[in-house]
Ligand SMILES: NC(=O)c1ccc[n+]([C@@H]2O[C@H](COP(=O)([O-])OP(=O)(O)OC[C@H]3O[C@@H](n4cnc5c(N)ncnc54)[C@H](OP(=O)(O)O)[C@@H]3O)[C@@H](O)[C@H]2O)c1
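There is one chain below, alone, in structure tokens, taken in the form predicted on its own.
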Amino acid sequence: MNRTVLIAGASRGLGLELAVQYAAEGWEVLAACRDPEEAHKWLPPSVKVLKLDLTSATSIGALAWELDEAPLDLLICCGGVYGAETDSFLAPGDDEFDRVMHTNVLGHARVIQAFAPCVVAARGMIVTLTSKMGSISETTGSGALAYRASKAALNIIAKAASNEFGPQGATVVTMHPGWVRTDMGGTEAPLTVIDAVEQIRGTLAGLGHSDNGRFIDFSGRSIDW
């Protein structure tokens, strides 16, 4: 029986490559993104591309209605925006803060709420791709406050989700994918998208229910909250 993965945020970067690699492995892939027509250009025909705007509760609800409670073996939440690139402590403006928090935090919370029952039904896994920049104990810099705040908030949402849905049979993990050569990561990043996704997939394949609630990196190393 084919395994099914829903990738929320599959228009580019890690989300797009996750869709490509899971499809190549024989999974039924549901690639949800803001611009399905653009994503179709890069994804294999076997991938079902779906409309999803993480900033819209209506869009998330419409996708949940379309999938009609079908069981999901894997839900990956990976859409996100960075906000202003600052090297020093600088409070973000209202519009920037709202955009980053709505996309990186509220959107992911709504997706988890909408599709967690589908994952529970399959005794599957929910993965939030976050960043160690959201780790309070491992923070060494002072810039990119909106992004750091959003990832710290996303981390607590994922941890709360593990407390809610773990006892119901799902496994919820929070993963830092590494510094990856994407539009967000930049050209200096040491990991290519292909290599990062291969490592992410390998690590996820080795996890079990005992890993519920963990914050890890792409290699499986635990990260302090």
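No experiment lies behind these values; they were computed from the predicted model shown. Position 1 is the first residue in the sequence shown; the rest follow in order.
There is another form of the same protein, the form predicted in complex with this ligand; it is not shown, and what comes next is about it.
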Scan Ala158, Leu52, Ala170, Ala31 and let me know which has any heavy atom within 4.5 Å of this ligand in the predicted complex. Leu52
Answer among 83-91, 67-75, 117-125, 130-138 for heavy atoms within 4.5 Å of this ligand in the predicted complex: the stretch 130-138
Considering only heavy atoms, tell me if Arg110 and this ligand come within 4.5 Å of each other in the predicted complex. no
Contact flag, Val180 vs this ligand in the predicted complex, heavy atom cut 4.5 Å: yes
Residue-level question: is Leu14 within 4.5 Å of this ligand in the predicted complex, judged on heavy atoms? yes
Would Arg148 sit within 4.5 Å of this ligand in the predicted complex, counting heavy atoms only? no
Residues within stretch 88-119 having a non-hydrogen atom within 4.5 Å of this ligand in the predicted complex: Thr103
